[in-house]
Ligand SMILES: Cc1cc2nc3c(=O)[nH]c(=O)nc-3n(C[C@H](O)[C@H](O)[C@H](O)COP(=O)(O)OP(=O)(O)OC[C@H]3O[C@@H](n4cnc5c(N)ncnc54)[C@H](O)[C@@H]3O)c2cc1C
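Okay, so here's just one chain, in structure tokens, the form predicted on its own.
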């Protein structure tokens, strides 16, 4: 049986108070959203924060609002709300679909958008506290071990995969995130929120100490713009994705004028297949074109011993997305 270690809990009423508390803890505190990932992490016996700063009382971090042609979603908004919100279904269908596919109804009712985007990898070596690269060791055990669910793209020196469904959808949608910390406010593209293990091993995101992800900003879909998210998992109810894919496309009839693709659960970050995007741009969409785009999307894949199955699976998802969006 796993037990939570002792920790101090703070429940600030304002964003400024939360930032001040995090900044004053000298790296020994962490922000707490729904807790479905962070508390599991702490139960695993992994290095845990001494203080949790709960964000549930900060009203400024919750809710869905519109700013001109942008959809702004507070980072503490629960996934269940996002999945059924009419404005999200209309303006950003891929995000609504991704949020609806996370976990079980019970998990979606407490899990937050910010927490989903910033969750830690689900690698069993990492979560079992092996002395791996991510735990301060000198090797990635998944490279030569049980790597059924690990990376086929962007791996090295660690083969983790980023588990967020919403991150893949938001990357395809061209979303941005707003963060606030001791140094003030800043905004960055969601693709810039994540970092490869080759660049940083201790964390997967680019937030500075004391910073809090406050909002996710999504462009509203215009006429002739479509998006969709698809996920494949071992069990239909609540498993993490084995492979997921999201796409956004601006069309003129069947002519693809602009496209963004993103693959999830295949790389340490949400993975944008640039070659496939370039190939699709200014082409008429048909079966042949979709198959070639799918091939290019995985052309750089380097599977490990037990996960080569991800390549045809991901290619099929890309093909389905491209044809599905063109068909409307």
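Note that this is a predicted model, so its numbers are computed, not measured. Residue numbers count along the first chain shown, from 1.
Not pictured, yet referred to below: the form predicted in complex with the ligand.
Using a 4.5 Å heavy atom cut-off, indicate which stretch of 187-195, 164-172, 84-92, 245-253 touches the ligand in the predicted complex.
Selected stretch: 164-172.
Quick check: do 114, 213 and 240 each get a heavy atom within 4.5 Å of the ligand in the predicted complex?
Each of the three qualifies.
Between 217, 207, 80, 232, only one gets a heavy atom within 4.5 angstroms of the ligand in the predicted complex; which residue is that?
Among 217, 207, 80, 232, a heavy atom within 4.5 Å of the ligand in the predicted complex occurs only for 207.
May I ask you to choose, among 31, 280, 263, 294, the residue with a heavy atom within 4.5 Å of the ligand in the predicted complex?
Among 31, 280, 263, 294, a heavy atom within 4.5 Å of the ligand in the predicted complex occurs only for 31.
Is there a heavy atom of residue 118 lying 4.5 Å or less from a heavy atom of the ligand in the predicted complex?
Yes, contact at 4.5 Å.
Is residue 285 one of the residues lying within 4.5 Å of the ligand in the predicted complex, judged by heavy atom distances?
Contact with the ligand, no.
Does the ligand get within 4.5 angstroms of any non-hydrogen atom of residue 269 in the predicted complex?
Output for residue 269 is no: heavy atoms all beyond 4.5 Å of the ligand.
In the predicted complex, does residue 58 come within 4.5 Å of the ligand, counting heavy atoms only?
No.
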